[in-house]
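Here you get one chain, nothing else, as structure tokens; it is the form predicted alone.
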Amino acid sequence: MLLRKEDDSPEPNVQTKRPLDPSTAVPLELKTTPGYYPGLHALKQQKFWDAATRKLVFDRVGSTPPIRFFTPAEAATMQAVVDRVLPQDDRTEATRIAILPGIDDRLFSNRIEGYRYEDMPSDQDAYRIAIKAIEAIAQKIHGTSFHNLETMKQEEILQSLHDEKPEAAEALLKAFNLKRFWSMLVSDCCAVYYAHPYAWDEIGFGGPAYPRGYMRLEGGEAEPWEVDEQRYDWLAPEDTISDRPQPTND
């Protein structure tokens, strides 16, 4: 249990979604670059990229595709889902990565893997079925839409899908392999997020090295344009199950 110091520090906000300082239980300040690599900005390396690479990377920053596949109601549900699968609550608003538009653009443009499992509908149908199921579960348990729920309640519903133990919508979810859908959902979120240069700054990736190339391929040494890791301690917010140990079947 976290114990707050008896001083004049701000009251810990148990409803905050931001990580906490482990010594004070106070939410950490929002960061333009979360992670352990302060000062790394991949975009500063743009003068070393060719024109095609530069355009590709900057389009990811400045050209957010419109929502064209999901309906407004579906988008509201999916935005809440994406926010829980890959939270960005420690980022400033200006540096949050638009994950949902990237997923929507893939589905609208029908960019698929080139194959389909026999126990899965199309990616588009799988998302629509899953959204109906998530809403049905939220309504049965809490009597409101998924996007209106508190973080913990949202995560408990998503955990039930991950564990293939939903408390409602069983008939809907029989239409596909739930484990495969969960894998697709997480994969889609990560694909959009980690293609963005702001995420590269977070994980210490200096960005593309074309045509310059990398110089230090051995020994784990940083390139001259990269920075050393500077770790700091933090705790997950109280209103989340994301850092709680989960049983495994191993």
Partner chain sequence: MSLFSSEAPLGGPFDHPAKDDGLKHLGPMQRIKAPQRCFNDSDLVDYALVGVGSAGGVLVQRLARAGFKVIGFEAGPFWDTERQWVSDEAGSRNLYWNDLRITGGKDPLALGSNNSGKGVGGGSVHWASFVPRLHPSDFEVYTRDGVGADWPIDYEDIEPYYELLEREMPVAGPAYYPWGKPHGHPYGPHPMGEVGNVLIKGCTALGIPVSAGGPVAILSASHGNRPHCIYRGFCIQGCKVGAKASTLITHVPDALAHGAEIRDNAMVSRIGMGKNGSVNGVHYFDAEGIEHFQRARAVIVCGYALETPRLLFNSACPGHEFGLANSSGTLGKYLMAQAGNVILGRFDNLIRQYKAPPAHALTEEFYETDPKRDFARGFAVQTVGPLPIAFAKQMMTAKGLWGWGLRRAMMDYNHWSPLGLLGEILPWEDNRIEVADGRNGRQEAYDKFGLPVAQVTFSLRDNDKRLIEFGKNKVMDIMRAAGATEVVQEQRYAHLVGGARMSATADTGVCDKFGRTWDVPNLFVMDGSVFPTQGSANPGLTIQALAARTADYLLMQGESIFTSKARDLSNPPCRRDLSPT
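Model, not experiment: these values are computed from the prediction. Positions refer to the first chain, counted from 1. The term rigid core refers to the most C-alpha atoms you can superpose between the two forms while keeping them within 1.5 Å.
Beyond the structure shown, there is the form predicted together with the partner chain, which is absent from this document and is the topic of what follows.
- Candidate site formed by 73, 125 and 140: none of these residues places a non-hydrogen atom within 4.5 angstroms of the partner chain in the predicted complex.
- Residue contact check for residue 64: none of its heavy atoms lie within 4.5 Å of the partner chain in the predicted complex.
- In the predicted complex, residue 159 approaches the partner chain with a heavy atom inside 4.5 Å.
- The partner chain in the predicted complex comes within 4.5 Å of a heavy atom belonging to residue 111.
- Although the partner is absent here, residue 30 sits far enough away that none of its heavy atoms falls within 4.5 Å of the partner chain in the predicted complex.
- For the stretch 171 to 194, the set of residues having any non-hydrogen atom within 4.5 angstroms of the partner chain in the predicted complex comprises 180, 182, 183, 186, 187, 190, 191, 193, 194, in sequence order.
- Taking 2 Å as the criterion, residue 218 counts as shifted between the shown form and the other one: its C-alpha moves by at least this amount when the rigid core is aligned.
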